[in-house]
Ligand SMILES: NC(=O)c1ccc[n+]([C@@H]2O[C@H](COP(=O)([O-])OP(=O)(O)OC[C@H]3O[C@@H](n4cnc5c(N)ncnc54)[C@H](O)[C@@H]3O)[C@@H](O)[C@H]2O)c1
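Quick heads-up: it's one chain on its own, the form predicted alone, in structure tokens.
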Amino acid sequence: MTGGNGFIGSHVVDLLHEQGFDVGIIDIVAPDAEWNGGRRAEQFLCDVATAEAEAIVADYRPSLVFHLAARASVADSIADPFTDANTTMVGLIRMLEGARKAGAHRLIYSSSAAVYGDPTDGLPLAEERPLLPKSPYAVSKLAGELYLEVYAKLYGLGFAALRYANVYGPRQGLTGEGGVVAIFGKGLVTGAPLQLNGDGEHTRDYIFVKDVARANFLAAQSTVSGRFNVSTGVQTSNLELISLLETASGVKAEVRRLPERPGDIRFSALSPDKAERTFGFTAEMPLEVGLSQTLTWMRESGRFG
């Protein structure tokens, strides 16, 4: 697995561990002591976009590869598209080559809702909708999906490209796409003002990280290749999110308005129907409960005070 020491990846590793699997982790970030205890996970600290990472996969000979390493920031991809493409596209090609050489039968890839662009109607979006990416980040994710399809045709490597909605939950940092819950949560935990970009009516489909980990596990057990939304299908605006966080925290937020960010998608929700039909995935965590659990972790971790 790549990115196994990060926010989403660490939850996938936990679930695989609970299911009795041994895991090898390639990550540029060292494991976090808070949630790394007791794992059966061999660590390889290196950049996924290198020949070293490819060789590690080939030599490890996994039956499954989970590729979750990413530079997940629209703003960073606009400022530095070269680094974004190197991490996202070259990193995936290294993993595909490593998986091919290892004889792996399946690769699970973390894609993104960003590949859809900014449609104004027909929400929640099904996988068959036209794709109109608005940022280098989204283009790189879409290119990754196309590489998966090519390797499936050339070498018979099965895959699932999981298009995540906005993932939130314990262990989330303050950077990257989908980090608005952590950013707003920090403000409520510390008493700092919340900075709101735009008019507050931007919507996202928020999905709890443990649900996303379960989607990865179920997709890995399937034999069907394709692209799948990992989502709830429900839109929540930034203003609604602030209200829910205020209720969960018992704190009234001070909100400061800022201009809209370039490349931001205005409305987003993804249909979860295909993932449910294909490998039985349905998101289970209600948003208000997940937000409460996230705020509890933020307070108790001591990382945001």
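Position 1 is the first residue in the sequence shown; the rest follow in order. The structure presented is a predicted model; accordingly, all values stated were derived computationally and were not measured.
Missing here is the form predicted together with the ligand; even so, the following discussion is about that form.
At the 4.5 Å threshold, heavy atoms of residue 140 stay clear of the ligand in the predicted complex, well away from it. Heavy atoms of residue 290 never reach within 4.5 Å of the ligand in the predicted complex, leaving it off the interface. Shown alone here, residue 70 lies within 4.5 Å of the ligand in the predicted complex, counting heavy atoms only. Contact annotation: residue 275 falls outside 4.5 Å of the ligand in the predicted complex, judged by heavy atom distances. Contact check at 4.5 Å (heavy atoms) against the ligand in the predicted complex: none of 158, 219 and 229 pass. Between the ligand and the residues 255, 28, 251, 58, the one pair within 4.5 Å by heavy atoms in the predicted complex involves 28. The partner is absent here; in the predicted complex, the one residue of 116, 208, 164, 184 having a heavy atom within 4.5 Å of the ligand is 164. Heavy atoms within 4.5 Å of the ligand in the predicted complex belong, among the stretches 28-36, 276-284, 58-66, 240-248, to residues of 28-36. Residues of 1-25 lying near the ligand in the predicted complex, listed in sequence order, are 3, 5, 6, 7, 8, 9, the criterion being any heavy atom within 4.5 Å.
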